[in-house]
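First, one chain by itself: the form predicted alone, in C-alpha cells.
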Amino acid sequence: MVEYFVRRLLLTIPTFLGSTFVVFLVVQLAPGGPLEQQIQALKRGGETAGAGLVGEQALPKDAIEELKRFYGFDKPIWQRYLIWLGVMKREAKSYRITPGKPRLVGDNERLILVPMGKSFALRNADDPSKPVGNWQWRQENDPETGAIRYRVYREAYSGIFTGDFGRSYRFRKPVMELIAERLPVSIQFGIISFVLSYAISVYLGVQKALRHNTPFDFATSSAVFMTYSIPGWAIGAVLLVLLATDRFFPIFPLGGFEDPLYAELTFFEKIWDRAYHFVLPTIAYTAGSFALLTMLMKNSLIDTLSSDYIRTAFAKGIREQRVIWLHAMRNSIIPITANIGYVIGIFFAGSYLIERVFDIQGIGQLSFEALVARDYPIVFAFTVISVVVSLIGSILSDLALAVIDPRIRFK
C-alpha cells in the first residue's frame, strides 16, 4: 500500500503541471487581458488629453513593446509558463541605458556602459572597481526606426515554486497577501459546512434507510431532491429574500460575515456575531453536497442490510442498534468516504457565487473579481490552490477507504 501512495504522490506532479498549463494557456490566449486593457486605457487617456490621436497612433510601438515586456507577453507561451512556475529566470528589473551616460537602476545604484573596442562593458558609474552583481546588458532594435539601443537588466527566479505568485494588477498588492487576508474566511465556511454535511447526511440517510417506503422517507426525499436540483447560490438568494428583508422576516443580516463593530465586541459576543452571520451562507454551502451524501448513505445502507452477514447477525439475536451502527455502518459509509476528496475540494476552495450572493470577502469572491478583471496572478494562484486541494482530497479519499475497509489493498 505504501508503494501505491508513493505512486499517487508522484502522479500528482504531471497532473498538477497538466491542469495548470491548460488553465494558463486558456487565460493567456483569451482576449481582453491586462495588456489590451492597459493599451485601451492609454489610448483613451491620450484622446482625452487632446492629443488629436486616434487608433494605433495614440500609442507608439515602443510603448507597446514596453507594456508587453512588463506583462511578460514578449516571450512565447511555454516560456511564460516556465517563468510562472519559477523554473526559468525572468527579468526582475529592466532599464534603458545610453552608452557613456550613467543610469540609476534603483537602490541608489548607477550603472554605465563603457566603450571597450567594438563592444561595451557594464560598470558601476560611481566606482568602476565595484562589481555590478548580476546586472547584464544587451543590444536591441527600436521597433519603429530600427535604430540600435541598449538595455540593462537583472534576471531572477520568481514563480510559484519560489513562493512568489506575483502582484495583483488590480489591487497592486502581492497575491499571497490578498489570499492570506481572505482564505481564513473561506476555510471557516468550509470546515463548518463539511462537518455539518457529513453529520446530517449520515444520520438522515440512516433514518431514511430504516424507514424505507414510509411517509417520512417520501417527505424527506422530496426535500432532498429539491435542494439537490437548486444551486446553492440560488438557495442563498431565496433565503436572503425570505429571512433578511423587511418584506418578509428580517431575522438575519443581508450579507457579510461579521458586524462592522466586530473588533469592539467581547470574545463571546464575537462568537455569537459570527454564528449569526454564518447561518444563511452555511445552509447555502451545505445544500447540494448534503443531498448527494444523504442519498448515497441511504442506498448504501439498504444494500448492506440485505447482505447475508447482516441477516446472520440478526438471527444470532444481536441487538438491532449494534448490528446497524457497528456491523452495517462500516461498509455503508464506504461510498461517501470515496466522495470525501470531491467535497473537500468544493468547500475549501470556496464558492464564488455563494460568497458573491452574501457579499462575503472570501477567496471565492476574490477569484471571481479577478477573473472578470483579467487579474491573471490571482486567477493562476486560485488555480494552484484548487488543483492542490483536489489532488490532496483524492489521496485522502483512498487513505480513508483503506482505513475503513481492511479488504481494500491498493497495488
Partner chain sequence: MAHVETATESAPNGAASGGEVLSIQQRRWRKFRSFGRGYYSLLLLVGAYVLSFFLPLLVNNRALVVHYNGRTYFPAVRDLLDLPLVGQLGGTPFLSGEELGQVGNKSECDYRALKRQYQAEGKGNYVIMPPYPFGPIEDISVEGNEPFAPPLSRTEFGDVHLFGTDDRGRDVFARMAYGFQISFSFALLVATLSYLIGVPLGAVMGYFGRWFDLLMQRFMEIWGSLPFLFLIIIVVSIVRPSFFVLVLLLVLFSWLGIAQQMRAQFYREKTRDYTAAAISIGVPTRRVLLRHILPNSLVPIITFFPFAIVGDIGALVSLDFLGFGLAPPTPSWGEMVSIGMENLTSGYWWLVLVPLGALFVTLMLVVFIGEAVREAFDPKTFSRLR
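Residue numbers count along the first chain shown, from 1. A quick note: this is a predicted structure, and the numbers were derived from the prediction, not measured.
Although it is not shown, the form predicted together with the partner chain is what the next lines describe.
- Proximity to the partner chain in the predicted complex, taken as a non-hydrogen atom within 4.5 angstroms, holds for one residue of Ser222, Asn108, Gln139, Ser119, which is Ser222.
- Contact with the partner chain in the predicted complex, judged by any heavy atom within 4.5 Å, is made by just one of Pro335, Pro231, Pro250, Pro128: Pro231.
- Using a 4.5 angstroms limit between non-hydrogen atoms, Ala41 is distant from the partner chain in the predicted complex.
- Taking non-hydrogen atoms only, Ile160 never approaches the partner chain to within 4.5 angstroms in the predicted complex.
- Taking the partner from the other structure, the partner chain in the predicted complex has no heavy atom within 4.5 Å of any heavy atom of Arg151.
- Contact annotation: Arg311 falls within 4.5 Å of the partner chain in the predicted complex, judged by heavy atom distances.
- With respect to the partner chain in the predicted complex, the three residues Gly86, Ile187 and Thr286 uniformly fall beyond 4.5 angstroms at the level of their nearest heavy atom.
- Partner contacts here mean any heavy atom within 4.5 Å of the partner chain in the predicted complex, and among 120 to 128, 268 to 276, 162 to 170, 313 to 321 they occur only in 313 to 321.
- Residues of 370 to 403 lying near the partner chain in the predicted complex, listed in sequence order, are Leu371, Val372, Arg374, Val379, Phe382, Thr383, Ser386, Val387, Ser390, Leu391, the criterion being any heavy atom within 4.5 Å.
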